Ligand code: C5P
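We begin with a single chain expressed as structure tokens, specifically the form predicted alone.
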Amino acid sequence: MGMNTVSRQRVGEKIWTIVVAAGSGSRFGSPKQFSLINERRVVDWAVETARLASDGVVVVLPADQATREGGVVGGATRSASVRSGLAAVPNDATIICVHDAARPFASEFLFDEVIDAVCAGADGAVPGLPVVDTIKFVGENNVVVSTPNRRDLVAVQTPQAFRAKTLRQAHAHNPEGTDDSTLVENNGFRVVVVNGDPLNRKITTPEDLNWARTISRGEV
């Protein structure tokens, strides 16, 4: 999408991003968002791109980090942490993005894609990648219940962008979800999918971190 189109779409928009970096890293073994990639922390990679793509950024951090780094204190769950960030986003924001700090390589282009989709009329927009593995629904005793058509499935990433009033409404009664698009969908709003990026990989395991360090050095 050309710069002139982006500029026309965004006239009058005020875009803020909430970077969620309050996790304890229970699966990783430590708070992964503070691990180093090429001498910069994972969270710093994420925040830098968010600042380039937005008019303002709120960083949600663990309590011991928030005061020191000028962020807001996260909650007990991911959704609660997003709500902490929402409370700090100015009321005049028209579009709010939510991005997981554990995805350090989200590009400014990817932010632009989800933001532009909301500018074009969607209530929300998320990046998604085709699912390459066959997926099974399983029930009791790990017995297969059904096999969905993988052509109808995508693996969803962040950043996710939403109309501000839509996201605030979706969080109004303190719901829980693994991502914000689920909460928005549950409120009957329309969420569209844009093309995700394979490099926008979530740092979940030490192996993911080793991959990220290799990517940052240009060795892949």
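For clarity, every value in this text was computed on a predicted model and none was experimentally measured. In this text, residue numbers run from 1 along the sequence as written.
Not pictured, yet referred to below: the form predicted in complex with this ligand.
Chemist: If contact means any heavy atom within 4.5 Å, which of 125 to 133, 142 to 150, 105 to 113, 78 to 86 contacts this ligand in the predicted complex?
Modeler: This holds for exactly one stretch, 78 to 86.
Chemist: For K202, is any heavy atom within 4.5 Å of this ligand in the predicted complex, or not?
Modeler: Result yes; K202 sits at the interface with this ligand in the predicted complex.
Chemist: At 4.5 Å between heavy atoms, is Q33 in contact with this ligand in the predicted complex?
Modeler: Q33: contacts this ligand in the predicted complex.
Chemist: Going by a heavy atom distance of 4.5 Å, is I96 a contact of this ligand in the predicted complex?
Modeler: No, I96 sits far enough from this ligand in the predicted complex that none of its heavy atoms falls within 4.5 Å.
Chemist: Taking 4.5 angstroms as the cut-off for heavy atoms, does G23 touch this ligand in the predicted complex?
Modeler: Although this ligand is absent here, G23 would touch it in the predicted complex, with heavy atoms inside 4.5 Å.
Chemist: May I ask you to list the residues of 177 to 191 that have any heavy atom within 4.5 angstroms of this ligand in the predicted complex, in sequence order?
Modeler: Heavy-atom contacts within 4.5 Å come from no residue here.
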